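In structure tokens, the next block holds one chain alone, the form predicted on its own.
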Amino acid sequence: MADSVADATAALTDDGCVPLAGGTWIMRASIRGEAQSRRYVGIGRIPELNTIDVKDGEIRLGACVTHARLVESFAGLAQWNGLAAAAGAAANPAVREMATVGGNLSTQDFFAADLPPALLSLDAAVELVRPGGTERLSVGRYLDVRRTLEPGALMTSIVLPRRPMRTGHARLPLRKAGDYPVAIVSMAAVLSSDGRVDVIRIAVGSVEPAAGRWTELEEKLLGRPLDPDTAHEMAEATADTFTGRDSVEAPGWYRVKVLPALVRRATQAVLSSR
């Protein structure tokens, strides 16, 4: 059990060591037929990884902040409605009390995670401590490189820019699949006084192996009045951007098929957030 970031990164330089935070994914490795690592480094007691630091221009979330704490801290705040909805819909209450934001971003083979698309829509970044120093990466970049990080790299925080945006999060779960969502759409938008879209970021999760932006849809909605029917229509026209992943709980084509309906729901959530 590490008491500081320095202790943790020193231990993690030993190849094969894995950081252990909430443990909600690691503890079920045997159920998935995966071998356990030979050594884990507990990071859940490190104070700075458990703080939420609110500043004028940004909010820094420690990597070990739990889903439950995200809901408690951000529910009811228009800019963060999407993030609170993502954290509050994940898994079940017991898991949300343990699962961390850093773990949700870092678990490489958990394709149905709710927080990555929500954080992508918010233009969030992650801060890493690496053997060569510290580094800040966009969430999208981090998702691209997380499999290739060298031993000793550790996510310490997630940085949320504070902007006057409205946000929404929509998901389609399958109850028989442990509430893992078939597809996820997260949206964040800045609207002008006449309701037109000045800025919009839309991210999709669970459809492909990693969450990603829906830039084609963003381009079509930019400058238009934000309307659920129009957003649904534009989503149908651009949904073939995605190649759905096949799995035991849903075929890939179905994951893509439901995206326009989720875009409609996310748009409604954005418009209702005040």
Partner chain sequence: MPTSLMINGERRTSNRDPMTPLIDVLRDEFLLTGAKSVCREGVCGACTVHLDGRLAVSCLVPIGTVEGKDVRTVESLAMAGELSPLQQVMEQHDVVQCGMCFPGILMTLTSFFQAQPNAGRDEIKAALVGNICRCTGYERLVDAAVTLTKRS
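Remember, predicted model here, so these are calculated numbers, not experimental data. Numbering follows the first chain given and starts at 1.
Just so it is clear, the following notes concern the form predicted together with its partner chain, a form of the same protein that is not shown.
- In summary, among the residues Asn92, Thr148, Ser193, Thr134, the only one with a non-hydrogen atom within 4.5 Å of its partner chain in the predicted bound form is Asn92.
- When its partner chain is considered in the predicted bound form, only one residue from Ala68, Met234, Ile59, Ile46 comes within 4.5 Å through any heavy atom, namely Ala68.
- Contact check for Arg28: a heavy atom falls within 4.5 Å of its partner chain in the predicted bound form.
- Among residues of the shown chain, Leu271 is not one whose heavy atoms approach its partner chain to within 4.5 Å in the predicted bound form.
- Contact between Gly22 and its partner chain in the predicted bound form is found at the 4.5 Å heavy atom cutoff.
- Among heavy atoms of Glu97, some come within 4.5 Å of its partner chain in the predicted bound form.
- The stretch in contact with its partner chain in the predicted bound form, judged by heavy atoms within 4.5 Å, is 29-37, chosen from 29-37, 237-245, 216-224, 203-211.
- Annotation for 141-161: no interface residues with its partner chain in the predicted bound form [heavy atom within 4.5 Å].
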